[in-house]
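The chain below stands alone and is given in structure tokens; this is the form predicted alone.
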């Protein structure tokens, strides 16, 4: 079993309830990565949704900080249709609600047509010419245990922030795959959408940015191999910013998109949910 599969493993307890363990290895700052939490709750909905096991649109609101340890997910199926199932999920720890999800699931293999988009995949050097995690600032690695689960290669053109020279354009992009070689699938795309460093690093604002809300749209089942991931922002106001992400597979298809609202970064040692 891969690290990701262990990270979202659940046991059914009946009545739409599932139990699992949020691992220390998915920590970032003081809590657990928001993408992993969305995949954890999303896995419970996948199990509850019957034949519609693939996430199509998943929105999560982060209500309190999740920490490594036991967690429970309560699911409710709101509607079962011919092609889509809609449900809700609530992730709890110690009786406190951490994350609330509303999502629609389907069978991506049954979707008709190809992904048609005017968007273009990012142009980057090949992975071997990009910047690996081993070159990240020491304080960043110390605050992000989950980086050990990623094979992340950032485009050199978007890592000036690591040298104290952010571009101020609000864009970070790179190649992504899981460190143990597990290929991406629809559930793991919920993690990938939140896998890169906060895009505010490129605005000259170091520190982790707690997620308020994250929505991921999955367009199709990804091909095996490297993913190209782009994070960008255009607005920072009132202490909050949006972060848009695109995920492209090895066949050059746009397989997922996301947008999140997050709080502007604090100092090192605070969490990004």
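Computed from a predicted structure; not experimentally measured. Positions refer to the first chain, counted from 1.
There is another form of the same protein, the form predicted in complex with a further copy of the same chain; it is not shown, and what comes next is about it.
A.B. asks: Tell me, yes or no, whether residue 199 is in contact with a further copy of the same chain in the predicted bound form, where a contact means a heavy atom of each within 4.5 Å.
C.D. replies: Judged by the heavy-atom cut-off of 4.5 Å, residue 199 is well away from a further copy of the same chain in the predicted bound form.
A.B. asks: Contact with a further copy of the same chain in the predicted bound form for residue 236, defined as at least one heavy atom pair within 4.5 Å: yes or no?
C.D. replies: It does: once a further copy of the same chain is placed as it appears in the predicted bound form, residue 236 has a heavy atom within 4.5 Å of it.
A.B. asks: Spell out, yes or no, whether the shortest heavy atom distance between residue 195 and a further copy of the same chain in the predicted bound form is within 4.5 Å.
C.D. replies: Residue 195 lies outside the contact set for a further copy of the same chain.
A.B. asks: Does any part of residue 119 reach within 4.5 Å of a further copy of the same chain in the predicted bound form? Heavy atoms only, please.
C.D. replies: Yes.
A.B. asks: Which of 84, 179, 133, 157 has a heavy atom within 4.5 Å of a further copy of the same chain in the predicted bound form?
C.D. replies: That would be 84.
A.B. asks: Name the single residue among 92, 146, 152, 203 that comes within 4.5 Å of a further copy of the same chain in the predicted bound form, judging by heavy atoms.
C.D. replies: Contact check passes for 203.
A.B. asks: Counting only heavy atoms and a 4.5 Å cutoff, which of 45-53, 28-36, 214-222, 66-74 contacts a further copy of the same chain in the predicted bound form?
C.D. replies: Stretch 214-222 is the one.
A.B. asks: Could you list the residues in 49-73 that come within 4.5 Å of a further copy of the same chain in the predicted bound form, counting only heavy atoms and keeping sequence order?
C.D. replies: Contacting residues: 56, 57, 58, 59, 61, 63.
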